[in-house]
Ligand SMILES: NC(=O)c1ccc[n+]([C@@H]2O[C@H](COP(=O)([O-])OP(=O)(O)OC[C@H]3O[C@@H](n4cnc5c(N)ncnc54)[C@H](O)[C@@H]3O)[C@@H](O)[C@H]2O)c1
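The chain below stands alone and is given as structure tokens, in the form predicted on its own.
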């Protein structure tokens, strides 16, 4: 495949929700025309307004939202697009149906990418023609603030499709990484949910309450994670010390292949977290809003230099 045309390639996004509109924003801010498909008229009607509100919140001049258009017809949305990003519900049967339509409706040489966070790409592409152009691009929420995108090739994905996608993502300021095996959860969510499993087990076993677990993470090794990855840390302290520690602690860690019974009981009891006011912890609307605001402020602060490099094209403000 030829090099990515960074200014003119049309992008299509399937789904105008939380992830879809954020992905569209990233490409529009880099100067790409973007067509977004959604079956819900309300999602399309608010599409540009939501992107404009994000730009306002980030202190980036408006304009990029004008490069984004909403479409209720899937064929119209993907027509002429060289790259198509699916950002629909995290249900295998939904994604399989969408990709069956994309193989039929999209341009023959368009790359078709799923934003699934955990489903193996080979399962989504199973039985479809032109599987060589189907791959995964797992963006993180919010996609316009989190740099990482995991690029996942399935067994039938062409190597040059992966290379081209990585080039496109790098050109719009993302940090793409190549996940070399198509496994459930890829890299980020396998790591994240291994931590979550142990955190839930600690609460369920009465070792510490939920607030204490969160405090321990945020006030200790969590402070280092942005600049010191776990493998770097193991090399920093030494492989010998790491081995000594593992010999003691690993036999005592939770290793259940099934979700925690404690977690299942929370769901059965309707304790769904912030949406219900009670999950592992009790949340008032004010507490939930304050936490969301702290997370957004933190992400905005750490992403300032990254976003500054993207403040060009349609939304440039040189003042």
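Residue numbers count along the first chain shown, from 1. Nothing here was measured: the structure is a model prediction, and the numbers come from that model.
If you look for the form predicted in complex with the named molecule, you will not find it shown, but the lines that follow are about it.
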With the partner omitted here, the residue among 131, 95, 82, 197 that in the predicted complex has a heavy atom within 4.5 Å of the named molecule is 95
With the distance limit set at 4.5 angstroms and only heavy atoms considered, check whether 151, 177 and 182 all reach the named molecule in the predicted complex. no
Quick one: find which of 164-172, 233-241, 134-142, 210-218 has residues within 4.5 Å of the named molecule in the predicted complex by heavy atom distance. 134-142
Is residue 46 one of the residues lying within 4.5 Å of the named molecule in the predicted complex, judged by heavy atom distances? no
At the 4.5 Å heavy atom threshold, is residue 37 in contact with the named molecule in the predicted complex? yes
Please run the contact check for residue 19 against the named molecule in the predicted complex: heavy atoms, 4.5 angstroms, yes or no? yes
Partner contact for residue 158 in the predicted complex: the named molecule, 4.5 angstroms, heavy atom: no
Note that the named molecule is not shown here; using its position in the predicted complex, name the residues of 78-96 with a heavy atom within 4.5 Å of it, in sequence order. 87, 88, 89, 90, 94, 95
